[in-house]
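Listed next as structure tokens is one chain, alone, in the form predicted on its own.
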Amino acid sequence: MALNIIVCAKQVVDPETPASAFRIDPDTKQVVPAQGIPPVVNGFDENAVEAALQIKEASSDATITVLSVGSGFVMDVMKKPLSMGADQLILVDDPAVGNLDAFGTATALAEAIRKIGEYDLILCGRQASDWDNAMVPLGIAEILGLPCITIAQKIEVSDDGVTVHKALSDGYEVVKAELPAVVTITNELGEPRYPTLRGIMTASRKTPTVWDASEVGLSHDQLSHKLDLTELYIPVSDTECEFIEGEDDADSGRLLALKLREARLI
């Protein structure tokens, strides 16, 4: 069975960025990239790439296309799925799609998928580590009129369609759908594989396909924000901590009890 798999991936701020290096521009309401800390591919999207690679290994006749929309891509970062084993990378790289809300992102990805044309399975990470909305895959499915199965910890593809073990808090649920379909992948699938030296060398020789917004057929109205972001800021902690010390443990306990009684907590 020949499969055309599209994996949607997003370039995000490294979640391991230290708090001291995290900055927000209050005028543009955007995160300022930290100096010396490159972005990364969203972790759940790497799980989706791993799921696609496992399907390819099981079917032996599958093509994996990684798709991303945005601007300011770091090519070494976005080529990681290629070094893991994906076949091709398509970037919709345009300032017009550089700061979209979830609806705009889903619209841009859906139009790019339509331009690609041939697809049987669309895989996405369950959510992105920057906004954690988990809305984009559902939007893609709605726009393209496809079934969507979320939070897959195991996925199998056959001539009958796709079978997913959907992760639950107390186990899993088996869900089936006909192809084409959208499936979101969770980290319960397992750790994504590390790129091999051979994979890195192969990826370095591949040139991504780059489209701008007009080539995908995106209009200004399609990309207009449906979400009004009024403020974005780093929370300020003003918690005070008082250490209570007595002559010994018993005296410390007595002083603590007096403090709690004064605060009417006991």
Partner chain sequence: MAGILILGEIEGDALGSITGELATVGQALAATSGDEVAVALLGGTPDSFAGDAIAAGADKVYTVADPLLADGQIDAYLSAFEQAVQQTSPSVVLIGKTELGRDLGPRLAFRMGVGVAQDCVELSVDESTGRVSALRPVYGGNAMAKVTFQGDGIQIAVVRPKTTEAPEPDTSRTGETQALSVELESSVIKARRVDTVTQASEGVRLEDATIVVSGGRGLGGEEPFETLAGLASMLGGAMGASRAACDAGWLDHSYQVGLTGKTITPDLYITVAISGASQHMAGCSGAKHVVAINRDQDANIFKSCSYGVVGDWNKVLPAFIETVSELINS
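C-alpha atoms forming the largest set that superposes within 1.5 Å between two forms make up the rigid core. Residue numbers count along the first chain shown, from 1. Quick caveat, the model's predicted, so the values are computed rather than measured.
As for the form predicted together with its partner chain, it is not shown, yet the points below apply to it.
Chemist: Could you check which residue among 142, 118, 156, 160 gets a heavy atom within 4.5 Å of its partner chain in the predicted complex?
Modeler: Contact with its partner chain in the predicted complex is made by 142 alone.
Chemist: Just one of 236 to 244, 51 to 59, 64 to 72, 212 to 220 has residues with a heavy atom within 4.5 Å of its partner chain in the predicted complex, so point it out.
Modeler: In the other structure, the partner sits against 236 to 244.
Chemist: Quick one: does residue 176 come within 4.5 Å of its partner chain in the predicted complex, counting heavy atoms only?
Modeler: Close contact exists here: in the predicted complex, residue 176 approaches its partner chain to within 4.5 Å, heavy atoms only.
Chemist: Using the partner position in the predicted complex, report whether residue 147 sits within 4.5 Å of its partner chain, counting heavy atoms only.
Modeler: Looking in the predicted complex, residue contacts with its partner chain include residue 147, since a heavy atom lies within 4.5 Å.
Chemist: Just checking whether residue 2 would be counted as a contact of its partner chain in the predicted complex - the rule being heavy atoms within 4.5 angstroms.
Modeler: It does not: once its partner chain is placed as it appears in the predicted complex, residue 2 has no heavy atom within 4.5 Å of it.
Chemist: Is residue 112 one of the residues lying within 4.5 Å of its partner chain in the predicted complex, judged by heavy atom distances?
Modeler: The answer is no: residue 112 has no heavy atom within 4.5 Å of its partner chain.
Chemist: What residues, if any, in 228 to 266 have a non-hydrogen atom within 4.5 angstroms of its partner chain in the predicted complex?
Modeler: 228, 229, 230, 231, 232, 233, 234, 235, 237, 239, 240, 241, 242, 243, 244, 249, 250, 252, 253, 254, 256, 257, 258, 259, 260, 261, 263, 265, 266, in sequence order.
Chemist: Taking the rigid core as reference, does residue 251 move its C-alpha 2 Å or further between the shown form and the other one?
Modeler: Moves: yes, 2 Å or greater.
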